[in-house]
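Shown below, as C-alpha cells, is a lone chain in the form predicted alone; questions about how it binds or moves come after it.
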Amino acid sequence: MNRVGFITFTGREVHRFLSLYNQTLVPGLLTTVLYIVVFGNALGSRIGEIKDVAYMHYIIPGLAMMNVITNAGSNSSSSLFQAKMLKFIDDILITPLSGMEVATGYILGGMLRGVINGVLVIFVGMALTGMQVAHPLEALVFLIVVGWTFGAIGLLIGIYAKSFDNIQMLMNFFITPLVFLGGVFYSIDMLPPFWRQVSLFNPLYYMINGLRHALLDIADTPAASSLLISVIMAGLATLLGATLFTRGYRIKE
C-alpha cells in the first residue's frame, strides 16, 4: 500500500469539501433548522409524543441521517464525475496508487463529509431542542457505517454517470424518496400493516432506526438488526464500487 499517496489523495478529497463549506456544510444546517422549526413546531403540537419522546426530538435522528446520506453520496459522485468530465482522472490513474486505493479515497472523502454533516445536525438539534444523546459511541458507529455506505454508492453513481443530470436523477428519484419513506418524520408503527411491511424492505429505514436508537434509546426494530443490515450494505456497495473502478468501467468515457 502506498500510504503517502493514499493519505495525500484522501486529504485532497477532504480539502475539496472543506474549502467549499458554504456549499457542503452550511446548507444542511439551515435545512435542519427549518425542518425543526416548521415540522417540529407545526406537527409537534398536534402529534405530541412518539414512544414517550417529544416529536421535535424524534425527527432529529432522521434529519441527521438524511444529511449523512445525501452529502456522502453527493461528494464521491460529484468528485469522480468532475474528474472524468475535466479529464484529470488520467492524472490520478497514472499515480502510483492502485484502483482500490483511489476508490477507497473517494469513499473516505464522502464518508467524512457525511459524518461531519451528521454530527453538526445533531449538535444543532441539541442546541435548539435540548435533546440529550443516549449512546454517543453507538451514534458515531452508525454515522460512520452509513457515511461509508453512501460514499461507496456515490462512487457507483459517479462511475455510471455521463452527465450531472444522471447524478441528480439518481439522487432525486431513488435515494431521496427512500430517505423520506424511511421514517424520518414518523414511526412505522403509525402506518397501516401493509405499508409497515413495505417499509421493512427499505434499507434506509434501518439506518434511520439505528441512529434513533443511539440518540434517543427508542427503536421500531432491534438496533442490532439495523447495524447488521447497514454493515452488509456498506460491504456490498464497497465491493461493487471498488471492483468496477479497478477494472476501469466507464472511468475514461
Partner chain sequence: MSDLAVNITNLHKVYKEGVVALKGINLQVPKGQFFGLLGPNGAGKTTTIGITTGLIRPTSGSVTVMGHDVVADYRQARSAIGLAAQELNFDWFFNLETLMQQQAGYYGVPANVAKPRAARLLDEFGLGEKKKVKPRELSGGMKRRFQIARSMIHDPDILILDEPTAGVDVELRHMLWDYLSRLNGDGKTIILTTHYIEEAEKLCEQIAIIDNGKIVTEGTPQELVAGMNSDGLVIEVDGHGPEAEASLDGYVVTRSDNELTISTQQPELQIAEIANRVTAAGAMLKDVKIRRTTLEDVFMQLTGRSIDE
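Residue numbers count along the first chain shown, from 1. Being a predicted model, the structure only gives us computed values, none of them experimental.
The same protein also has a form predicted in complex with the partner chain, omitted here; what follows describes it.
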Taking Val37, Lys51 and Asp217 as the candidate spot, are all three within 4.5 angstroms of the partner chain in the model of the complex by heavy atoms?
no
Quick check on this chain: which one of Pro177, Gly130, Pro136, Pro96 has a heavy atom within 4.5 Å of the partner chain in the model of the complex?
Pro96
Please identify, from 115-123, 146-154, 69-77, 84-92, the stretch that has a heavy atom within 4.5 Å of the partner chain in the model of the complex.
84-92
Please determine whether Leu20 contacts the partner chain in the model of the complex, using a 4.5 Å cut-off between heavy atoms.
yes
With the partner left out here, which residues of 1-35 have a non-hydrogen atom within 4.5 Å of the partner chain in the model of the complex?
Met1, Asn2, Val4, Gly5, Thr8, Phe9, Arg12, His15, Arg16, Leu20
